[in-house]
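In structure tokens, the next block holds one chain alone, the form predicted alone.
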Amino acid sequence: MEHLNSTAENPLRTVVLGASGFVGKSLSSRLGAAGAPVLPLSSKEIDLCKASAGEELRLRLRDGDALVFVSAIAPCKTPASLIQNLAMARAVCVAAAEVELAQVVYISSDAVYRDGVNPVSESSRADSDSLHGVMHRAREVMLSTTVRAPLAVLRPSLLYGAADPHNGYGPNRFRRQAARGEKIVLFGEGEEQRDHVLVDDVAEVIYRVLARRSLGTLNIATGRSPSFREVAQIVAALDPSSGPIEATPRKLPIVHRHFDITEMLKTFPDFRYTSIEDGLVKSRADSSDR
């Protein structure tokens, strides 16, 4: 990545598309804590799937705004949801082409990389064959060929945190199973190794990209990939009400994902990710379902 600001400086205003979502809420809170003006927009304010959404968004934007695009229908698993997600990106492209924005930040996903590529770095080919990965890559290309402002594309790995709405397999589901006194159920023996990132860290990286007005592509990953069994063991040790950890017959191939985080270390050398141990402690403390 390249920093256009030599020192950190809050944007004049940051418009967050998808502000009611998992990442959007966390980012809006981080911007507020920094005293940075923020306009949070959710689907209640603008339905980005509507044909008129581009013009509606343009009317809300000002010259000099930074725009963070985190809205998505996720996970994208059907052709219909793919089309909806592309329609959302089209609205952003229409609006961004008409306003002199200071910066656009797109929150993509590591799903743009194929399974089995290890270690993943920013130079790895973004040629996923999954609908979710294709959706994010298509939106990246749409923005890069349309937006005139400096564009930052951020590709987070698997996210977790207290307010996660998806309950996906991994830290979020394990924590909720433990809180209810249920078994923590693994796929197979939980052998797969994946990089899990606390949502607070994602918000911090986005904030730093905004403050330095950075452009380019950056993966958001810790560089550490524990197995799902290791994560389950940490969760069980934190919650005395947890049931046992249970293996189940594996239905899908084992796929590991590791990251080379050299670019992150170069881009923000003083930043340190929250460890999975500390992140799970924080998620449990912040959760309302304990």
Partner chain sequence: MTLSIAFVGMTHLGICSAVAAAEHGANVVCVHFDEDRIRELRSGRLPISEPRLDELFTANRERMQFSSDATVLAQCDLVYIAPDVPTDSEGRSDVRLVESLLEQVDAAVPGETPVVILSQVSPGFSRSHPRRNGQLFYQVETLIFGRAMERALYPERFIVGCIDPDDGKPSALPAPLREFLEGFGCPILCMRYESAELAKISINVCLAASLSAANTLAELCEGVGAEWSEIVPALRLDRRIGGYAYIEAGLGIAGGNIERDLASVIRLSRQAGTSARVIESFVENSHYRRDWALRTLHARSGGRRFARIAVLGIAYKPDTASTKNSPALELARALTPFEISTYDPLVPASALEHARVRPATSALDACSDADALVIMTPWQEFRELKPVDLAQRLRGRLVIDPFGVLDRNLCREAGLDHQLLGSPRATSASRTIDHDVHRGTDRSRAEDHA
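Bear in mind the structure is a predicted one, so any value in this text is a computation, not a measurement. Numbering follows the first chain given and starts at 1.
Form predicted in complex with its partner chain: not shown, discussed below.
In the model of the complex, L265 approaches its partner chain with a heavy atom inside 4.5 Å.
Taking the partner from the other structure, its partner chain in the model of the complex has a heavy atom within 4.5 Å of a heavy atom of D270.
Using a 4.5 angstroms threshold between heavy atoms, P119 counts as touching its partner chain in the model of the complex. When its partner chain is considered in the model of the complex, D260 lines it closely, a heavy atom lying within 4.5 Å.
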